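First, one chain by itself in structure tokens, the form predicted alone.
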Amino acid sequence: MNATSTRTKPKKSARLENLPPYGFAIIGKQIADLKAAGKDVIRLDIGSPDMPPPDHVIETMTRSIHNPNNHSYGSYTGDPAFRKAIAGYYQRRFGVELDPNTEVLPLIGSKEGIVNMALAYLDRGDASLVPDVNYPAYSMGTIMAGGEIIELPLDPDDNYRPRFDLIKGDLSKAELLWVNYPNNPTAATADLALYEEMIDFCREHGVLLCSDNPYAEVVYDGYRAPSALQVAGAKDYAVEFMSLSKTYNMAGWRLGACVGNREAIANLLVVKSNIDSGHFKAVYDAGSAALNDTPDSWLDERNAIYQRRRDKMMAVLPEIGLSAKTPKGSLYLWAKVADGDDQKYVSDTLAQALVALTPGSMYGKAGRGFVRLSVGIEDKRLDEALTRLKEWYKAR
């Protein structure tokens, strides 16, 4: 006899019920509706490089695509040459030694690894320490894993440094600590002393430091971003997420890695090996070429373009009701709204000036009253966006 049910359709999971809509998906839908109505929207809301990767990266990809042996499934642990290229980069750039076989795990972009790390470490009743202004994946991964969020207060008057002394919550539940410098969205930067403080905290409380470091090579004014793994003994308590998206203008290639603590790498691999099968070989080859063969001069020239855009935007902020500290890293300006209402400001600029910005409240309650602007936009379009914003604000 067949089993019977009164249900008319399957229910969605509780984790989806608890998961708020992704902010950029909402903004993207609004922009799509405006474009469908024939409106020309300029996007300053999204942090995607507008320039191409180095020529030799594209050339390597092209050659690899034509190799008939490169079209099978990839390894769960990624291409060995790419893992070695990452280890070589960390040695040259940070003086950090990594075993490419046990301390490097390629990712489908760092965002995937961030969420999967939460699945690897959090059960119900466990918690992540998440900054009160944060990239949403830290919180969303925790929620999807069924964990709890313990807010880590940041001090906006001290370059958004963590205030471990102000944490409220049961630290005995904490398994992961998420940090990100140069920061998205605030553009705050860190020095090695701050990472030393973080490692000491993780050692004291038995927590894994998850340092999200995709903007390490997007820096200005002579600032040089450190790695958390440079701290003595860091690999006992830390992993770092790196990405080629911002470093080499390869956002759509979805190529990154998690490096550091080998036990955490192994745990993350267990999750990943049940979800994906690794990249196309040609993508790994291109990534290796980016890491091994891109001169520092290419990064310097790219960053000089971003810095010019940053300075142009900073000069205009007082004319559009915003103020910000000049950032030394990341793709962003984190600007305070004069009247304090970031949601209305963003809604008005989109509807009336046809310029898309990101509301600070999308990054947590402590982000209210701020907006994020991206320098990842072609110069002529940036000039047009700034002109529109000035005319809109003056006519209010």
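Being a predicted model, the structure only gives us computed values, none of them experimental. Residue numbers run from 1 along the displayed sequence.
Unshown form predicted in complex with a small molecule; subsequent notes refer to it.
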In the model of the complex, residue 109 touching the small molecule (heavy atom, 4.5 Å): yes
Partner proximity in the model of the complex: residue 84 to the small molecule, non-hydrogen atom cutoff 4.5 Å: no
Non-hydrogen atom contact residue 214 with the small molecule in the model of the complex at 4.5 angstroms: yes
Residue 114, heavy atom within 4.5 angstroms of the small molecule in the model of the complex: yes
Contact test, all of 180, 184 and 254, partner the small molecule in the model of the complex, heavy atom 4.5 Å: yes
Region of this chain that lies against the small molecule in the model of the complex, out of 305-313, 150-158, 229-237, 134-142 [heavy atom, 4.5 Å]: 134-142
The single option of 245, 288, 261, 189 touching the small molecule in the model of the complex, heavy atom within 4.5 Å: 245
